[in-house]
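So this first bit is one chain, no partners, the form predicted on its own, shown in structure tokens.
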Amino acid sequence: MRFAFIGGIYSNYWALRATLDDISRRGVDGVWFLGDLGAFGPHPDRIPELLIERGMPGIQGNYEESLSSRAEDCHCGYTDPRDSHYAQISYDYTFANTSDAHKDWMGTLPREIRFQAGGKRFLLVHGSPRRINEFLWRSTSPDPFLERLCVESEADVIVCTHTGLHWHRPLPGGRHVVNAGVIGRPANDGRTNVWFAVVEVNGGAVTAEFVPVEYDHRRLAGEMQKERLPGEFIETVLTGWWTTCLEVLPPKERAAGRF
């Protein structure tokens, strides 16, 4: 069985359309979104409209939790003032441009989804099983820690997002943690494409494929410019390098970028 997982969408409508088109050609057995539908990009109401139209299941991210509760910020988990500054700009724009009906719908989404496939217990979360805004980075998540998360959450396969960077860690005992990455912005690698994850279960073996998605990023950038979103956000879309929310990155992930 094969399942597709869409990480943070960040109001990137054109990437979402391209991702759904790609997934439809793959004949997967299920598709889920993992939260953070808004943030970063323009016209956030287009995302829930499309997901509701497709009847796609998914979970809350910290953005949906904050928007539905009418919170004052995104509760993204940043601690550095510069990260928080740009996060607030993004949240304020998303809040102002998301309808009350969609905010209320976001509040109906579950915080996690569980299912079984091929004898494996799947757990879908946004940040981690412990906190909706916990960052699980590849470089700072040792195997014993991830194993404990699986054991304590009674899961064989944990699928998450939130960090914006995709990775997969096979663990002892046939357990796995998959960070699906995001389709909202590039993966800080100098490429303009975005990524989603396809996880396959076959005879008890679990594999993860990260699928690059090309989309009309110049159209997105033009829309962002018309909406007067920060130039730093637009630069990321056009170059593939993060210019904001950098201070939260661990040293290894930070060193892989340009800034």
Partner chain sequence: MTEAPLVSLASLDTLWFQVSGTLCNIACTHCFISCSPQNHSHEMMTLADVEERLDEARAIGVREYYFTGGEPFMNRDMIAILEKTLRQGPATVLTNGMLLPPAVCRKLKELFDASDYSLDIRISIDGFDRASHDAIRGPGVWDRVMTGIANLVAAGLNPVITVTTAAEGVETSEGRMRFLELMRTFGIDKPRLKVLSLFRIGAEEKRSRAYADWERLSSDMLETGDAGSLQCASGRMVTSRGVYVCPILIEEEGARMGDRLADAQRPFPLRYGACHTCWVDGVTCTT
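Positions refer to the first chain, counted from 1. Keep in mind that what you see is a predicted model, and the values were worked out from it rather than measured.
Not pictured, yet referred to below: the form predicted in complex with its partner chain.
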Practice prompt. Spell it out for me: taking its partner chain in the model of the complex, does every residue among Trp14, Asp45 and Glu227 have a heavy atom no farther than 4.5 Å from it?
Written response: no
Worksheet item: Which residue, Arg111, His75, Arg169, Lys120, has a heavy atom that falls within 4.5 Å of its partner chain in the model of the complex?
Response: Arg169
Worksheet entry | Heavy atom within 4.5 Å of its partner chain in the model of the complex - the one residue of Ala87, Leu165, Leu136, Ile158 that qualifies | Leu136
Practice prompt. Quick one: find which of 90-98, 111-119, 136-144, 174-182 has residues within 4.5 Å of its partner chain in the model of the complex by heavy atom distance.
Written response: 136-144
Item to complete: Although its partner chain is absent from this view, report whether Glu154 comes within 4.5 Å of it in the model of the complex, heavy atoms only.
Response: no
Discussion item. Can you work out whether Arg2 and its partner chain are in contact in the model of the complex, taking contact to mean some heavy atom pair no more than 4.5 Å apart?
Written reply: no
Discussion item. Using a 4.5 angstroms cut-off on non-hydrogen atoms, would Asp80 count as touching its partner chain in the model of the complex?
Written reply: yes
Worksheet item: Would Glu247 show up as a contact with its partner chain in the model of the complex if we use heavy atoms at 4.5 Å?
Response: yes
Worksheet item: Can you name the residues of 211-231 that have a heavy atom within 4.5 Å of its partner chain in the model of the complex?
Response: none
